[in-house]
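Before any questions on binding or motion, here is one chain by itself as structure tokens, the form predicted alone.
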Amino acid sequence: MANKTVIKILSDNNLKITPQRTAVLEVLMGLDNHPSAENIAEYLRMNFPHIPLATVYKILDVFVDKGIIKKVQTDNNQMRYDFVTENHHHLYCPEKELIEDYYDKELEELISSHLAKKTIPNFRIKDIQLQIIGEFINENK
């Protein structure tokens, strides 16, 4: 049985509560490593051994469209998924394929202030997601 938080999120977004949707959302909530669709499918196959990868992608696309999750693209064009939807940025280490959330209020204010003074012709900003590419030097990462 899906947990109450998962059911509430699906209900609040007018989504039919299916075993596959609840399972995908539970996996996303349980992982903090910005998993790919393939990673999610691996976890799901423990309980849904025959779930097609295409189904996982469709569910993820619906969750992105509803604003339940966000997409994060790596520099090798791999799409990863993030359950944290509040404003934050990402630290990305291509060598280790690690993505971590990065919160910096001062950076947020600096970017917002700069863009408030500038206009980009024929463009309306909806969201700003900064990805800082580098190398984690702490061996625990």
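Since the model is a prediction, treat every value here as computed from it, not as a measurement. One rule holds for the numbers: they count along the sequence shown, beginning at 1. Each form is matched to the other, and the largest set of C-alpha atoms that superpose within 1.5 Å is called the rigid core.
What follows is about the form predicted in complex with another copy of the chain, which we do not show.
(message) Between Ile51, Leu31, Val62, Met79, only one gets a heavy atom within 4.5 angstroms of another copy of the chain in the predicted bound form; which residue is that?
(response) Answer to the contact question: Met79.
(request) Verify the flagged residues Glu26, Asn39 and Phe83 against another copy of the chain in the predicted bound form: is each one within 4.5 Å by a non-hydrogen atom? (result) No residue of the spot touches another copy of the chain in the predicted bound form.
(message) Quick check on His114: any heavy atom within 4.5 Å of another copy of the chain in the predicted bound form?
(response) It does: once another copy of the chain is placed as it appears in the predicted bound form, His114 has a heavy atom within 4.5 Å of it.
(message) Given that another copy of the chain is not shown alongside this chain, does Asn122 nevertheless sit within 4.5 Å of it in the predicted bound form, heavy atom to heavy atom?
(response) Result yes; Asn122 sits at the interface with another copy of the chain in the predicted bound form.
(message) Test of understanding: in the predicted bound form, would Lys126 fall inside 4.5 Å of another copy of the chain by heavy atoms?
(response) Yes, Lys126 is a contact residue.
(message) I'd like to check something about Thr22: if you look in the predicted bound form, is any of its heavy atoms closer than or equal to 4.5 Å to a heavy atom of another copy of the chain?
(response) Because no heavy atom of Thr22 falls inside 4.5 Å of another copy of the chain in the predicted bound form, the answer is no.
(request) Select from 86-112 the residues with a non-hydrogen atom within 4.5 Å of another copy of the chain in the predicted bound form and write them out in sequence order. (result) Leu91, Tyr92, Glu95, Tyr102, Asp104, Glu106, Leu107, Leu110, Ile111, in sequence order.
(request) Note yes or no: does the Cα of Met79 move by 2 Å or more between the shown form and the other one after the core is superposed? (result) False for Met79: its C-alpha shift is below 2 Å.
(request) Look at Ile111 and decide if its Cα position differs by 2 Å or more between the shown form and the other one after superposing on the rigid core. (result) Comparing the forms between the shown form and the other one, which are aligned on their rigid core, Ile111 does shift its C-alpha by 2 Å or more.
(request) For Arg124, state whether the C-alpha moves by 2 Å or more between the shown form and the other one after rigid core superposition. (result) Shift of 2 Å or more: yes.
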